[in-house]
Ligand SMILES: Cc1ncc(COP(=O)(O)O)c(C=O)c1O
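Read the single chain below, which is given as structure tokens and is the form predicted alone.
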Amino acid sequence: MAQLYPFSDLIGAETTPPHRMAKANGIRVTDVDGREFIDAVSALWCCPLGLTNHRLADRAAAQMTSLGYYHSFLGRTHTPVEDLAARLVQKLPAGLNHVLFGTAGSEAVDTAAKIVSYYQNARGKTDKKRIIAREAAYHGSGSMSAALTAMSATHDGFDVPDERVLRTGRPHYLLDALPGEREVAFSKRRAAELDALIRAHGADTIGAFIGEPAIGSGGVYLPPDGYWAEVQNVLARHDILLIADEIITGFGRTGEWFACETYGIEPDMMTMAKQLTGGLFPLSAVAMTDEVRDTVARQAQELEVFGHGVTYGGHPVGAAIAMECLDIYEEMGLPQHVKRLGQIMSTRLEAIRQFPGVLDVRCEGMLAGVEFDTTTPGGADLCRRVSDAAQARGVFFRVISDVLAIAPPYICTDAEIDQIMDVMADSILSVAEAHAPVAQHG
């Protein structure tokens, strides 16, 4: 086969080709055999306005026929990217006043990691370069972004440069809490472990901590009570930058414009992509505070250039699409809209919590997960079987080990949210009935 398929068995694809899609209409995608599916994870968490969107297509066409491409290198720029930068700064969490554009989430994380080094060098702290990431983190599959990711598939065989990465515990209260330990106590313990890690390696060697406000591809883990406040206290004590990875959560997914607002996070840098353009054009950005930008700018002036950028970063067509996305988000009343649909999901998930084989359900805005109990009879492959049953009923969910992820497009109607949750419920019950008995988790 001519194409190498990402995150796939490349040899297996020769005999079992990937499921080929032919067209899309809003939240639905149709394969080459004419079968239609609702994609209940917005493809790769990235299409909140649907897999096709005529307003975004029209905006792209208009931009492509006026200024199809230009760059922001070498003292030149263009109006679409300048307008987008100014508008983003108005939307971003307080203090993030500058943006650097790229094309993809992995690239944004790699860029943020480079800026950590550049920033610390500018401060004369030339040993302060390590970055702390967490177990279950997903930050991309580039070079440094893969090293920061806590998934062996992004490491094995690639020799990723992981000597700069330190790893601390995941915020998964359900499975990692001690017996009788409350959420706040668990958060304090995780923060104490982080503090001990920093002291063991020396704060003067650690430049930044990176974390998704709510972990997505690692298992849809929502932070327990007090978690981010405790973590930020530790980082401030040791003069360590905080990078918030909002590539999945940014632009409304958790019920606020950014999940940093949902969880009270005040980052020094923030990465974003995916929903910035509704998934219909490759565009990413790294936002930063005045202090980070000004320190970087002084260093660049001393070196006579800021030697970083990519050809298609801040592409005028992508910038125009992003501006249209922001228009649409504002028109729908994004936070309130997501919270309302998310409440429908949450209510339905609470009923599913009592189903056979279900260990936990969790939901924040329109980001949700159902975790299955692998210790019950027949539970080892329960999540995959439920996903297969849902696909047979016309809905795609995302399998993440023992978690079924749900992140529907924002353009879903109430009836479509109910349809998605009906399929989830029916699929769990059908698998429970058709296979070995699975103990009910109450």
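These numbers come from a predicted model, not from an experiment. The first residue of the shown sequence is 1; numbering continues from there.
The same protein also has a form predicted together with this ligand, omitted here; what follows describes it.
Heavy atoms within 4.5 Å of this ligand in the predicted bound form are found in one stretch of 115 to 123, 188 to 196, 86 to 94, 209 to 217, which is 209 to 217.
Gly140 is the sole member of Pro171, Gly252, Gly279, Gly140 with a non-hydrogen atom within 4.5 Å of this ligand in the predicted bound form. Only one of Ile248, Met345, Met144, Val370 comes within 4.5 Å of this ligand in the predicted bound form through a heavy atom, and that residue is Ile248. In the predicted bound form, none of the heavy atoms of His315 sits within 4.5 Å of a heavy atom of this ligand.
Contact annotation for Gln275: none of its heavy atoms lies within 4.5 Å of this ligand in the predicted bound form. At least one heavy atom of Ala104 is located within 4.5 Å of this ligand in the predicted bound form.
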